[in-house]
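Coming up, as structure tokens: structure 1 and structure 2, two forms of one and the same protein chain.
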Structure 1
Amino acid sequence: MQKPVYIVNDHILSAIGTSTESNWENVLKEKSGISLIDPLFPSDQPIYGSQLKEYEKVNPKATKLENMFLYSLQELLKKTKIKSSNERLMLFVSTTKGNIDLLQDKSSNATDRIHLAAMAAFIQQELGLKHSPIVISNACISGVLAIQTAALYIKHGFIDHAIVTGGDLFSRFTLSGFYSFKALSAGICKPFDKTRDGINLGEGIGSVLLSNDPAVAQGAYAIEVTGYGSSNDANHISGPSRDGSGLSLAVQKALKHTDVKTIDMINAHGTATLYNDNMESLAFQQLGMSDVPLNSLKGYYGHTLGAAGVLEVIISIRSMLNNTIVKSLGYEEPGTEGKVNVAKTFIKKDIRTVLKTASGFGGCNSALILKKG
């Protein structure tokens, strides 16, 4: 018999807060972590991004990203009855670039730890977790796909509990890549808006605890993961299918046991690039979701890559718990082919079912359905 899967606890470390609570408070104040940054390379345009100004150094032997992960995970575990040594607990790490800042470090330690598996193993050992971690690195859907993978492990009885943590750094390597694509915004990004001109990159950590027992965390909520789906449209090395067919397929899989009419809110990927937002709008229109309130959180955090899916799920859960749809920061005028109902203000309504989507390079797409009991 398959078991239900719940998200029962969470933690966010970002440019606008060192806890989920502080992040939620600052989102409600429309505070963005995006600002003009010191150039990391010669550029003919200003560069905006979201960077952590300070972070706690949990272990002096750890890299910046490892310390960020360790801080977030220690805060997460403080609020649970599960011991890190539990045999039925497993760690899932979502990241696209890991310790990318070690590229210029020629030491033997850096040569080892730049590998994603080595970084994840270091985190596992520091926390005293029993099992080797699972690393999910599939472009910008990594976070959503990691939650899906962990949910499947629990649903099929391989484990009872899972920690999913997603994180990436704001780095010259990643920044220069998006710059070469001419995909960076000249200001603060404007998802789904008529004048959108690209993304802002960001850094941070999002961590969630999944379990088949909704009572394992102190003061736990219980948001059930009831649907998930992934797909690849095989369109282009970086560009998504123009008609939204790949994302549409992933969402249809996630909706297998859910009536589309019961979706109260969509938290979209919403990168603010011309192609992504247009593709998403067409997919949602095809699925009969044009009137469902939708938002993107990229205007608050920038695109945090491997952290994005997890971090945005957490804020979506806060929306559910507080019955508040977050304003899609930066949106003013419709600017997509497909009709979508982008939240221009904060909306108070009963939110029981949420669709979360993500899309990434290589044509990958992923979707989750979250339900409040």
Structure 2
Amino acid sequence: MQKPVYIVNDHILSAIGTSTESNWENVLKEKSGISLIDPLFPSDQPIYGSQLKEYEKVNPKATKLENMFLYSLQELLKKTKIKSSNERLMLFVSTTKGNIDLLQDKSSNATDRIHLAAMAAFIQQELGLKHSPIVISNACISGVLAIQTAALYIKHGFIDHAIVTGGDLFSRFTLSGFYSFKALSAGICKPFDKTRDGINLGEGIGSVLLSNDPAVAQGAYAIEVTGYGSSNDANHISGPSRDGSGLSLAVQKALKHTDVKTIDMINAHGTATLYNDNMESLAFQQLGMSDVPLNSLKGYYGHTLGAAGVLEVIISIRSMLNNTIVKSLGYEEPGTEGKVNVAKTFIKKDIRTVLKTASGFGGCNSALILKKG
């Protein structure tokens, strides 16, 4: 007998807060974590991004990213009755580049932890978790895919509880790469807007606790994960499919047990590149979701890569708990081929069912359905 799987607690560490509560408050105040930053390389344009400011460094042996993970995970563990030593608990780590700064910093004594699994094992040991973590590195869909993977592990009885944590650094490595692709915005990004001109990168951590028993987990809430699916465009490694058909496939799988008419809100990927947002608009139109209120949170956080999917799921859960669709920051005028209903303001509405999507390099797409009990 397969039990339902719920997300029951969470934590966010980002440029706009060191707790989920402070993040939510700042989102409601339309505060963006994105600002003009000191250039990390010779650049012919100003560089905007979202960088972490203050947070408590937990461990002197840990790298910057590991400290970020440890901080977020310890804050999450404080909020639950489940002990880190629980035999039925497993950690799932989502990251695209992990400790990528170690490639530049040869003086570090943590050089082996350039390997993502070694980094995850270090985190596991520091927290005293029993099982080896599962590490998922699948470009920008890693976070959403890690939640899917963890939920399926619980549903199929391998474990009862899971922590999914996603994180990446704001690094010279990644920044220069997106710069070389001419994909960086000249200002603060404007997802789905007519004048959007590219992405901002960001850093942070999003962590969620999943469980088949919200009571045991002493959940702050119980949001059921009822649908999931991923896909590949089989089209291009660095650009999204033009027609959105790949993303549609992932969403259709996620909607297996859900009537599309019941979706109250879409939290899109919305990176604010011309092609990504256009592709998404066509997918949602194909799926008959043109009128469903939609937002992208990239205007608040930038693109936090491995953290993005998890962090954005957490804010979407706050939306469900507070019946408030978050304004899609940076959006003013429609500018996509497909018709989408982008939230220009905060919208009060009973939100029972949410679709979360992500798409990334390598042609990958993923989708989750979240339901309020």
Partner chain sequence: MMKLKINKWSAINDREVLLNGESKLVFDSTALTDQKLEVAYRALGVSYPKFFKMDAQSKLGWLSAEYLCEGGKLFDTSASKDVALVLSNRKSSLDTDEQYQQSLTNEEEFLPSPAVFVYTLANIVAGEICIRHGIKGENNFLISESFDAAALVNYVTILFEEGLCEQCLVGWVEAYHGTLRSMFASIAKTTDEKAGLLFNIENLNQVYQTSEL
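Throughout, residue numbering runs from 1 along the sequence of structure 1. For clarity, a rigid core is taken as the largest C-alpha set superposing within 1.5 Å between two forms. Predicted, not measured: the structure shown is a model, and the values here were computed from it.
- By the stated condition, namely the form predicted alone, the first structure is the one that fits.
- Relative to the superposed core, residue 105 undergoes a C-alpha shift of no less than 2 Å between structure 1 and structure 2.
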